[in-house]
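There is one chain below, alone, in structure tokens, taken in the form predicted on its own.
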Amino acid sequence: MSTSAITPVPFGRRVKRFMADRPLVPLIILLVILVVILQILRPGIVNERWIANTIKFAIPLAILAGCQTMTMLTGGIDLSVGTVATMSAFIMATQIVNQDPAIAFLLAMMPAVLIGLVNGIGVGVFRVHPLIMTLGTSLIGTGCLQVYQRTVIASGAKIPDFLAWLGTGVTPIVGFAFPNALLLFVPLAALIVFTLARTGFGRLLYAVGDNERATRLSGVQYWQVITALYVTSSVLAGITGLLYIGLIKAPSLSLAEPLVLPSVAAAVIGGTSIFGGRGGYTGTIIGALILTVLTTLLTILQMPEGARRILFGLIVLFVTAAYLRIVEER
């Protein structure tokens, strides 16, 4: 009786399979490597203060990347998040001068809801491609903000104290300075993770991205799912703008625009497929931390802003190409 020889699995393939089954592991390893390189290039930089500042700047990026994660799960994208965040921040800073904080907050969030609604209807009802739709509303929103600016030049702007406290403040706990922004981000991140993993709405996002036609045939109202998705994305972007202006403390007409491309890159690095149906928010958070540490590293290396954008674009292309290769091998 003959026995067939068992061919051993090559070590490289075992490692690749391990990484594919545990996608967070290589992300954490990459993050640690970047921190080590940073410490080697600038000894002593990695300390309690640096960690707190890194978390402060990573949180707004992580929230915007959450918007991209959810829209990308359906095969879409939201390029209007930067404009929405900027509008909410600028309106809040200018309305708080003469209005009650609650009224100023509602006025600041109104454009977010409106743009999200327009995006959702455009993509879900009229079938406009998400990239075109959100780019169009972004340009329209930027124009409206420029017109609005002329009406509030005389009144000036002010950063609310509670936003400055939330954006830049720290609270000592057990000897470590925890950024106050975590009070907003932790519940928000937990809500997003729970929504994607444990709710019907989250499962619908995956289903739409995996097979839209099958989802429609199963009786799902596609336009309702997409409209709710883009309204949620815009509301999160509006909240990000309020947090970010408390961190930057300088309202401008392009406040959050530089975060748009990094937010897409963070979602892609975190394992979310731009083709839909695959991904999660936990990886996106780590992706945002990686890009924030990478930005610090590039600053130390004195790399200009243009080169950073090129690098972020290359990261998106590289990760997308790697994903396509994995899909082909499967």
Partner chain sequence: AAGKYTIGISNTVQGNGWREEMVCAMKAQALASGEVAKLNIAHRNTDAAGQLEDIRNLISAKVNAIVVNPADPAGIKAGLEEATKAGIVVVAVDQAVTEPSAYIISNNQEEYAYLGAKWLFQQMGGKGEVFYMRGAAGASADSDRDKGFKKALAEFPNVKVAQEVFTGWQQDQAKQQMLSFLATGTPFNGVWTSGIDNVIVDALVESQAPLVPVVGADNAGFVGQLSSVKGLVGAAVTNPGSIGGAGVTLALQILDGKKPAQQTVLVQPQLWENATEEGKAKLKAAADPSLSPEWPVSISIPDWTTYTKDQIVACKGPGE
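Here the structure is a predicted model, which is why all the values come from computation and not from measurement. Numbering follows the first chain given and starts at 1.
What follows is about the form predicted in complex with the partner chain, which we do not show.
- Here the chain stands alone, but in the model of the complex its contact with the partner chain, taken as any heavy atom within 4.5 Å, falls in 254-262 among 173-181, 233-241, 108-116, 254-262.
- Contact check for Phe57: a non-hydrogen atom falls within 4.5 Å of the partner chain in the model of the complex.
- Residue contact with the partner chain in the model of the complex: Asn53 places a heavy atom within 4.5 Å of it.
- Although the partner is absent here, Gln149 is a contact residue: one of its heavy atoms lies within 4.5 angstroms of the partner chain in the model of the complex.
- Under a 4.5 angstroms non-hydrogen atom cutoff, the partner chain in the model of the complex has Gly156 among its neighbouring residues.
- Interface residues of 265-293, taken as those with a heavy atom within 4.5 Å of the partner chain in the model of the complex (partner not displayed), are limited to Thr292.
- Annotation for the pair Phe312/Gln39: C-alpha atoms approach each other in the model of the complex, by 3 Å or more compared with this form.
- Panel note: the distance between the CA atoms of Ile290 and Pro304 is larger in the model of the complex than in this form, the difference being 3 Å or more.
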